[in-house]
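Shown next as structure tokens: one chain only, the form predicted alone.
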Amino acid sequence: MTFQVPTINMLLIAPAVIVAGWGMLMMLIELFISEEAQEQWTRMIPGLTLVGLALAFVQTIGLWGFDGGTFALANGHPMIVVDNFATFLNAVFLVTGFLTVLLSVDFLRRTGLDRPEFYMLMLFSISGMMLMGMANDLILVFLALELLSIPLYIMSGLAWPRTDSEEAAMKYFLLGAFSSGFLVFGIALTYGATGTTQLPGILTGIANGGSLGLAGAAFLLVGFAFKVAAVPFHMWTPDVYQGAPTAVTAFMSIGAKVGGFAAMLRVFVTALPAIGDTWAPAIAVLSALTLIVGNVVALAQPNIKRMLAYSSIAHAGYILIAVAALPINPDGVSAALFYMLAYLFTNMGAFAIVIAVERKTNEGVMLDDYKGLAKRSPLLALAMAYFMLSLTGVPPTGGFSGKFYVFRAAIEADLIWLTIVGVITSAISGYYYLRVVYTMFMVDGDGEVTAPPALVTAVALTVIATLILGFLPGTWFDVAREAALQGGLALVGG
């Protein structure tokens, strides 16, 4: 057997390498920091993290419009592809990291969790998310998923020895490992059906794989459904969101979900369009269940972190509507990308307000703690009200624009029944979102609200972005559409 050296273009993977390398560099530097300088080093870490993310973001934007691959053997397809789809998602992941740092700086100090490893683990997880969107091989999808997930398991337990944080980490780890088993089994079955793990090779061979190929696709779907918290694979989400430190929950609610959808879109639309008439109905059913369970169970949650956890489950259902429309309507990819962009800013903004109200770790996260917030901090209350309206889907917000494009994609794909489910559950969600607004403005209360400059900056950025996506959605939907179409027509079955 002759060993083949793959062709490698480091420029194409520079953003992910910068992010992971920056985390490793900070980890190595910390080994040589004396005890006397440890406090100063800890205060420097957030700024250094922002510098690393900024460098990766500049490199990512520079790759817009590029279409190519790397890590390819002479007789095979590249394991990593770089196109506008990957670049768009990489920008989303980097912005998520940037906002997470702004949310975390004061929160970690205030709660006694100011540990440098938080930022390093976050960078490692972001590098895994970035590889999820660039993966062109099922083996790389699995490796990227683990690189995304393992740091999150540790970050969920960052508040040890607090029992609910340890419980969150353990539950996330056990169920994450369980879901990884499904994904690996799906990869094995798909390889058995097609003789390859490369997505373009699967595309040409899956139709001849028979029931083995269908079983592989089913297990892959289960693995991805766990990661995006789709019903009935959502059971880890409420407990993990509640037990993890709120800054970790905010990061996880965007990063893990968008990373899972990045891989799902890449795999199902690039490799499995030939059996789309089989997996699309299954995803439509998953979407309907996720919308119903997420929105209905959220009605009964008195803890705002658990409420946002079930809200996160419900929003996975809206994105799944776009995925279910894909075999008929290629604009489903564009709708899903736009929805994830809008959800990034809206949900991050909401968690920023949660962090401002939270006094100690997981103290101040009940709905009653929001009584009288409009008097205690009018601007934060107005921002939270706007985010709640956006999550509900009220115009003019980014959330409304996202739901509009998702529902339009479903209607054009003749998924009228699923659109009706989505509209009805959106109306149901208005109750628990507007309950927060009512509590802030119509009920008297008191309590400390902490809003340091970094947190205020995060709130301002997310409000502005949500406004822009609400008032100028067409411009950004065109960007999402270009991201979906560019890269050869692989993402639209061409």
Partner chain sequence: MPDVTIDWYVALSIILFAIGALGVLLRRNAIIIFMSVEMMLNSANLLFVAFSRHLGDLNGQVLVFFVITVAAAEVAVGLALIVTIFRTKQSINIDEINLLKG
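Residue numbers count along the first chain shown, from 1. What you see is a predicted model, and the numbers here were worked out from it, not measured in a lab.
Keep in mind that the form predicted together with the partner chain is missing from the display, and what follows is about it.
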inquiry  = Quick check on Trp417: any heavy atom within 4.5 Å of the partner chain in the predicted complex?
reply    = no
At the 4.5 Å heavy atom threshold, is Thr278 in contact with the partner chain in the predicted complex?
no
With the partner left out here, check for me: in the predicted complex, does some heavy atom of Arg109 sit within 4.5 Å of the partner chain?
no
Can you tell me if Ala284 lies within 4.5 angstroms of the partner chain in the predicted complex, counting non-hydrogen atoms only?
no
Each of Ile139, Leu143 and Phe185 near the partner chain in the predicted complex, meaning some heavy atom within 4.5 Å?
-> yes
Within 4.5 Å of the partner chain in the predicted complex, heavy atom basis, the matching stretch of 312 to 320, 288 to 296, 126 to 134, 185 to 193 is 185 to 193
Near the partner chain in the predicted complex, with a heavy atom at 4.5 Å or closer, the residues from 135 to 173 are Ile139, Phe142, Leu143, Glu146, Ile150, Tyr153, Ile154, Trp160, Pro161, Thr163, Asp164, Glu166, Glu167, Ala168, Ala169, Met170, Lys171, Phe173
